[in-house]
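Coming up are structure 1 and structure 2: the same protein chain in two forms, each one given alone as structure tokens.
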Structure 1
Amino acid sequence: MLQYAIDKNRSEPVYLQICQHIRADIELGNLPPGTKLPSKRTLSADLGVSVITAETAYSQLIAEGYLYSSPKRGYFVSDTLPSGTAAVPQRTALPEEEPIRTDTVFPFSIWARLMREEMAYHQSRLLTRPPAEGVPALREAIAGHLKGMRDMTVDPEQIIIGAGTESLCMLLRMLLPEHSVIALEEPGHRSIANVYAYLGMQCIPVPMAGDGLDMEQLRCSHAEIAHITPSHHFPTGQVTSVEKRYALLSWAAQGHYLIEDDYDSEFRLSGSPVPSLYSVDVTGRVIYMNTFSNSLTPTIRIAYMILPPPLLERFRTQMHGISCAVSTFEQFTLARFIQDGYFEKHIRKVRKLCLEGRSALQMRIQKEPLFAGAELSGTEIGTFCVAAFPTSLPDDVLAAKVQAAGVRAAMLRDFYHEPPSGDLHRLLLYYVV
């Protein structure tokens, strides 16, 4: 039991006081490497602080490298300490040697139970052809989720279910005028760009400025539509600034459409949440898109979009004979998964893993030559960040070494329509393998 004196009247926040105590105990050797710390609930009870405060303290110490956490086991004192004052480790299981794997995270037993119940008790609805928009129960569950998670007020009728973001782009292509000109972020999501291009849209790559899409170039592009990732730019991780958001909405209000691809906004790791463009838009020019690929698994293909009224009208007229591309079996299972609160729990779990993965990366930067001096950006939100390496290694060699060291990595240069000449020495690093 940790017995620390906490003074709630001090100007220093309580969680920082706890950090100081634990840090000191570790550095003094009172808590040797490998020691298991009390759970955050126990710590909260022992010290008379809230569980959130206990958790914040532990998160901070993880970020600093003093602690690490192991799923379902708890919090432990690190073997190698950032200050270098503690002993060299004997233990073998460092977090970075145990990459966090999504397949240990997917809620198989819950998913299997919900699916089994659907098949046992709701056979008739599983075999009934849903509307082209998707199963109403799922659209309602998503509307509820968006209210709770993103503070977005959405009519379930406006939600369209698709078999992944690329499928939704195909549907959108069918709703938008032929030969529409679409602006795409440069760098950006290549497979989405390919879908638009192969379906005959004229794609204009627009570079990212420091705080979002380069508005000057967007205006000159004559694009009628822009597909953007303002919450967490893919792949640089940049968050679009508030000024830029309003500039984008102002551009959209001139008769253009913004496709707001909010693909991993559930995983805010630090900072305060930024509202979606959709929720700020009053002109009906924003198409909101999100996917369960990052929040659940990319191998169950479910994504959705919210259509503004004129496009919704067109969808209903044109698409009513077309089948929703997602199996009803999985639509109903996901609806239950969301409605029964499992999705929120799952997001919290993955978010925690991302936080741990981020801390682990920060630790590696401090102690491993391969990562030494790497600068992370785009770490506020999402399941990956971008690392700039002070190295002369070619990007592909660097990526291979990082992968070999157990970190899932991708080369930033691979996401350009026209890759810059020379190496970027920048990789996307994913927190979870």
Structure 2
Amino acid sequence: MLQYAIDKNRSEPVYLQICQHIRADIELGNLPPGTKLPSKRTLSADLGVSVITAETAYSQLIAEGYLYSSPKRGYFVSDTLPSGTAAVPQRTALPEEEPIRTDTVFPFSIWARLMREEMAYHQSRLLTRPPAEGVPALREAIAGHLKGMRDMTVDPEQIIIGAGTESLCMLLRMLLPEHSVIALEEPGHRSIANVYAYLGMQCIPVPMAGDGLDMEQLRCSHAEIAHITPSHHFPTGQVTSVEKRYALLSWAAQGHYLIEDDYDSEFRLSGSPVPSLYSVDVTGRVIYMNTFSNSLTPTIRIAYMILPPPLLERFRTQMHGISCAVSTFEQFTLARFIQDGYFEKHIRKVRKLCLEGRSALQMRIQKEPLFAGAELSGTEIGTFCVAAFPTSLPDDVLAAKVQAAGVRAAMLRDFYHEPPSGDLHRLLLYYVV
């Protein structure tokens, strides 16, 4: 989404003002090469200008060499800038800091309408301080969504709303024993590890086996908690086997807690959904966690978790009188978005986008020499897969070549808490850019 200040009272044509803003962002590196720009209709709506004005601005930038267009795909930032200009290099972000873009299908107009309606007809509740758990309307909507999408029966009272996954981790830190040891998947989300370490928790990386977390290593770790992604492991794409799931639940029943991070369960592309650990847990030792940052857009910092009764009681005691960190405006808007069926429609569109991206990637692997012999895994769910390359190239060189070929990629080794020696020749390849 591009937001620029347009002054229609200036003598300079509006389309040239738009050109100046986009040109500056490209030259400063804020819009890197290959970035997909909003459609001309989306740009016109965002800036409050006509479609013809937006199209004229894009045409001018194409003529200048800043953009190029691709039939049925849209407008993109050129790989090379016009002579005489130079982009300012930007810092290299960790792979998990680069979210998959779903803004091409995000229904901005619907979201804006729902928010306007909330502000017009429900002003009193918008100005009421939300409880620590989050507003009841959103928790009820999430419970209904989980029943329909994941066949999970959840009491809305057990749902806690937070401002992103990191915020929920901070809340959990206040509920769990002070000197807790937490087991993390190796490889896994480094950002999550950084949050737990910052909160003073001892983090123990536990390697992944072929069918899930290595149980022997988990038992030897002396961890009281394990943060896992069993439905679709990040970043290898593994799905934890049934046998391993019951082994994890058995471990949890011995006085431990499992944090089930179900970060992209909505994006199953083939096969039947894998039941959540929470739905089969009978001992109350599974904490279910999910986020709307992946399924909607990273700018909507709303996540939620489902607490077992003992932790829920502790939460209510310790958080009494504290307000939820997410604004009531966004909470009520999201509740409407889910209840009115727009979230489900959005998920279907993103799934379609992922399927198209997966098919395109598979075709490229069959045709292009660079991908010759590469084997894909983890293609059944999510917005990425893992490719193993039969090559002697260093991982960084391989990743650079794949990126240059127009496929967004990240080195698997970058997701290890303790980086392995040598090259793995395995890359994450993303379907959606």
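Numbering runs along the sequence of structure 1, starting at 1. All figures in this text were calculated on a predicted structure; none of them were measured in a lab. Take the two forms, find the largest set of C-alpha atoms that superpose within 1.5 Å, and that set is the rigid core.
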The same chain appears twice here, once per structure, so which copy is the form predicted in complex with a further copy of the same chain? 1
Core-superposed comparison between structures 1 and 2, residue 207 Cα displacement 2 Å or beyond: no
How about residue 416 - superposed on the rigid core, does its CA move between structures 1 and 2 by 2 Å or more? no
With both forms fit on the core, has residue 381 moved 2 Å or more by CA between structures 1 and 2? no
So, with the core fitted, how far does residue 369 move at its Cα between structures 1 and 2, in angstrom? 2.5
I need the CA movement of residue 43 between structures 1 and 2 once the rigid core is aligned, reported in Å. 33.8
